[in-house]
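Given next, in structure tokens, is a single chain: the form predicted alone.
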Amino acid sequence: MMSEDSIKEYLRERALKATPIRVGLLSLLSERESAIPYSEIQENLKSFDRVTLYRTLNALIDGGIVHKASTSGDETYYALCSQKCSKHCHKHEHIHFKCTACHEVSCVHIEQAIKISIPNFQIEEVSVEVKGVCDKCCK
């Protein structure tokens, strides 16, 4: 979990103002090891209106701080990016694993990057979502 001071410093390093909603959102995301559904973010930050929350999420995505981990049905999950990400390039060397038992979405780092090549196409992003039963639910 990131402290409030470290969140403010991190935002300043990314040339973003440390507004109360940005600090609150990053604090919430840093508390969890898994991605958080938008509905849960809304519930935890209900003192802020939906439009402000939506714009804040997009600003943090554009800033390379947050990414969409999964869109499943009518729910979108969000997670913190790694320090390697920037507003110019999201570098995610992980897959998104959705547990079919507990519905948790996790960013699982992989040992070898997934490389895909399609003739006559320029790939800008690859997103992989794997569904199954997580190790917690298997026990």
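All values reported here derive from a predicted model rather than from experimental measurement. Numbers for residues come from their place in the sequence shown, where the first is 1.
Omitted here: the form predicted together with the DNA. The next part is about that form.
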If we define contact as a non-hydrogen atom of the residue within 4.5 angstroms of the partner, is E75 a contact of the DNA in the predicted complex?
yes
T52: heavy atom within 4.5 Å of the DNA in the predicted complex?
yes
Taking the DNA as it sits in the predicted complex, is A18 in contact with it (heavy atom to heavy atom, 4.5 Å or less)?
yes
My question is simply whether R12 lines the interface with the DNA in the predicted complex - judged by any non-hydrogen atom within 4.5 Å.
yes
If the criterion is a non-hydrogen atom within 4.5 angstroms, does every one of H67, F97 and S127 touch the DNA in the predicted complex?
no
